[in-house]
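In the block that follows, a single chain appears as structure tokens, in the form predicted on its own.
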Amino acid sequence: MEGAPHIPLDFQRLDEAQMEAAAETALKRFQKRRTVRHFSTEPLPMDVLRKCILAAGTAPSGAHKQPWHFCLITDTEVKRRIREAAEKEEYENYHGRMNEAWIDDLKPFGTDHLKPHLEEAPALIAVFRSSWSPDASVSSGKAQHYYVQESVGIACGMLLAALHECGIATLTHTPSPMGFLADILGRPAQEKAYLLIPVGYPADGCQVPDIQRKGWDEIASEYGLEEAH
């Protein structure tokens, strides 16, 4: 990048044993990560949530435009309004928008248009994406963003990972359409809702579906040089 300032990379290289141990720990930790729909109303330490959001903000993005915005919501009335709007859209989804195969695929999880967790969870994180940002230095007044969907998706993945590492349960909620989120939260026109994440501690006695995750052969393929014989 011609003319761009550079600094030395701060990177810690691990030996192979350390790498194996770290990978095994990460795998075991993330195998326990589950989507939670029953939350305790117990409040969370807010500074932990803020740091997790800042961690998500370290995600890579196209041309380093960082095309995301995170809204951390704990206000009871705002959560109530979000729930009402989300349930209205979800009712339409479950009663006409979603096809029969989709409905059948959801039956094992017992979900419907009712979303009490949007009020029960002590906090919601609404994630917005933007394809441009205001910039008076360009003639259009708009600075273009690149690979927005990919960039925000990576940031959300990092956010979920950070929250899980801090002992916080999450749910990825994607009511569609989600225009109500921008309206309720008063977000600018260039921002579009991407994801709504209730966060909190699991409720006492919380249960989750007994599901199995795909194994290596189902999710991955290797393309390497054959060993010399």
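Everything numeric in this text was worked out from a predicted model, so none of it was measured. Counting begins at 1, following the sequence as shown.
Only in words, not in the display: the form predicted together with a small molecule, which the text now covers.
- Comment: the small molecule is not present in this chain, but in the predicted complex one of Asp135, Asp75, Asp104, Asp112 has a heavy atom within 4.5 Å of it, namely Asp112.
- In the predicted complex, the small molecule stays beyond 4.5 Å of every heavy atom belonging to Ala123.
- The closest non-hydrogen atom of Gln31 lies beyond 4.5 Å of the small molecule in the predicted complex.
- The small molecule in the predicted complex is not approached by Thr58, whose heavy atoms all lie more than 4.5 angstroms from it.
- None of the heavy atoms of Tyr147 is located within 4.5 Å of the small molecule in the predicted complex.
- For the marked spot (Arg81, Phe128 and Arg187), a heavy atom within 4.5 Å of the small molecule in the predicted complex is absent from each of the three residues.
- Contact with the small molecule in the predicted complex, defined as any heavy atom within 4.5 Å, is confined among 67-75, 87-95, 152-160, 139-147 to 87-95.
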